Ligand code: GAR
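As C-alpha cells, one chain now follows by itself in the form predicted on its own.
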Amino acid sequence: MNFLVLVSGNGSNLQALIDAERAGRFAPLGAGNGAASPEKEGRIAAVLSDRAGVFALERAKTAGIPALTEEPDRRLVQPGERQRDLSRRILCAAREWKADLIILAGFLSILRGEIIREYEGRIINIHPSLLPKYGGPGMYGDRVHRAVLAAGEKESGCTVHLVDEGTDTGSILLQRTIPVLAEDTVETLAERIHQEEHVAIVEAAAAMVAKLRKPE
C-alpha cells in the first residue's frame, strides 16, 4: 500500500512516518516475525514538496525515498487557477507512484479539483489545532498558535482529518489534546503540539492502512 507524502518545510512529521515504517507500524496486525506480506504493508513510495530545497526532501533522500518537487506556477494569477494546476500535477504524481493514500504532512498548498474526487476518503491532513477551531484559509503554523493564545484558550492540540473540497473541513479522524500553559509562547506551544503531531500522523496513517487494506 503506497503512500505519497506531501511536504512544504522541515519534514519532522515526514520523519515520524519514515521511522514508523522502519519499525513496522504499517504492517498487518499479527504480522510479526517477518510474516507480513509486502503488498499489505504501508510504505512511503515518494515524497513531494511544493517548495524547492526544503529539508524534508533531504530527509526523503537520506531514507532512500524518491523526492519530487512541484512548485506552484506563479504565472497563474486567476483565483484558484494556481491551486488547480498544482493539484493536477500532484494527481499525475499520485497516479505514477500508484499511491493508495496521500498524506499531507505540513503541506501548505490547498488541493483542488479532480484529485479530491479521485482520492475521496484517501487523503489525510494534519492541522495544528483542535478543529473546527482555528482552521480554514490562512490558518496554518504560528498563525494558529498565536490565535489560540490571543483567545485565552485552555487547551489546544492537533487534528488529523480527511481532505475534502473545503479547507480543514473534512471528517475528523483523530485529535490529540494538550493544555495551554500560562507561560506558553507561540514557540513553546508550537513545539509541544509538534510532538503530538508526530504521534497523531503515524496513528492516523496506520488506521487508514487498516481501513483501506483489501481483504485476503
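Note that residue numbering begins at 1 and tracks the sequence as displayed. In this text the structure is predicted, and so the values were computed from the model without any measurement.
There is also a form predicted together with the named molecule; it is not shown, and the following applies to it.
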Thinking of Glu70, Leu86 and Ile116 as one candidate spot, does the named molecule come within 4.5 Å of a heavy atom in every one of them in the model of the complex?
-> no
Testing 86-94, 116-124, 100-108, 73-81 against the named molecule in the model of the complex with a 4.5 Å heavy atom criterion leaves exactly one stretch, namely 100-108
Does at least one non-hydrogen atom of Met139 fall within 4.5 angstroms of the named molecule in the model of the complex?
-> yes
Is any part of 181-200 within 4.5 angstroms of the named molecule in the model of the complex by a non-hydrogen atom, and which residues would that be?
-> His194, Glu197
